[in-house]
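A single chain, nothing else alongside it, follows as structure tokens in the form predicted alone.
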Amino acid sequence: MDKSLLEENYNKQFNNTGLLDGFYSAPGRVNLIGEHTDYNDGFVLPIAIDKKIYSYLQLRDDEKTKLYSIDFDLSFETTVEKLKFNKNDSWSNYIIGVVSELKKEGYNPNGFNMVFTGDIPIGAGLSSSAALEVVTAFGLDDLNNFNIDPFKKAIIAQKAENNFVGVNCGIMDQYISALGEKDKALLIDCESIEHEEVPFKNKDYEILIIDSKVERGLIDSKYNERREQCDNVVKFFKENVGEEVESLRDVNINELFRYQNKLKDLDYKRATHVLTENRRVLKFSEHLENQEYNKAGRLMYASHLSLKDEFEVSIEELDFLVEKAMDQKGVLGARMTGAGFGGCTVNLIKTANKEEIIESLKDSYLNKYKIEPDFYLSRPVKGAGKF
């Protein structure tokens, strides 16, 4: 990223205050495996990707907060004392929400000016909003000398989205954006909110993300419906089996099979996905660490089939991309990623074959759906910080 783009736009929008300033970035993410497990206290395995939000912040000598989005060519102004929700342009709320949560935690940030841009595709499910929250948290922490540890900054960013923006997201997106490591995936335990680093160093392999260009539809209602179905199984085990069950994480898969006839069919299918997906995440992590990429890839495909058949959150276009990918030389695994009903697939590929893989899949998808998908290649990158 060329800092001059941020500087030029800053100088057009604001006056230099002569106070502390800095350049900060935060990456988007893709989840390699572990879908719809997070809100069931399960396991996820995301990486930070080489697509980021870039920002330039400078403190002010008053309470004003002035923001400018280069990509939208839009401005917004409020004050740190009377934070104002922006009904018209939601992008600013991710930033203001972080200020709000910092204040709740007892920090008192100065007024500031901020310009930002990014290359994380919006609406593709790669967490551009979380990256914007995280880059704001890191910038304000640094300039105000708060010395907040990265994990807490991730929590503050998540709360900004929950409480100010009003989206009931889990911790994964902000967590990986803040704490991601170069050449490592993070195995996150969503019950303890702790993680282990899983090496992904072999340069002969990388991650290919394919944006179907199908905007994620029905996601709120379907997401809530599936959460309720998972909760139904938890409630059943609490009331009928006499076990200490707080989430699906606490349900033994053999017990689930045993009580299949007592559960509603859809509830049973949803729980089956979650419990088998947790197993796949843990096995995938082992294979990745041991550089057993073929075995890891097969688990990705099994994950997709489970999401398609048991959790029923895939769509025709995602299924098409996965099936066509698995026919390509050099593709070891493919699956839909994210909440579903649109968005992206994630693929584990051999670097040597990347050009022919992309060309073939682009042609096949374009011929079938008259839509040209977008392709993003990445290995795990470092999380948020100065640049």
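It should be emphasised that the depicted structure is a prediction, and the values quoted were computed from it without experimental measurement. So that there is no doubt, residue numbering starts at 1 and follows the sequence shown.
Missing here is the form predicted in complex with a small molecule; even so, the following discussion is about that form.
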>> Please pick out the stretch from 282-290, 163-171, 98-106, 73-81 that is in contact with the small molecule in the predicted bound form, where contact means heavy atoms within 4.5 Å.
In response: 163-171
> Is every one of 46, 52 and 200 in contact with the small molecule in the predicted bound form, taking contact as a heavy atom within 4.5 Å?
Replying inline: no
> Does residue 38 reach the small molecule in the predicted bound form if we count a contact as any heavy atom within 4.5 Å?
Replying inline: yes
> Taking the shortest heavy atom distance, is residue 339 within 4.5 Å of the small molecule in the predicted bound form?
Replying inline: yes
>> Would you classify residue 301 as touching the small molecule in the predicted bound form, given a 4.5 Å non-hydrogen atom cut-off?
In response: no
> Taking the shortest heavy atom distance, is residue 236 within 4.5 Å of the small molecule in the predicted bound form?
Replying inline: no
>> Can you work out which of 91, 146, 205, 223 has a heavy atom no more than 4.5 Å from the small molecule in the predicted bound form?
In response: 223
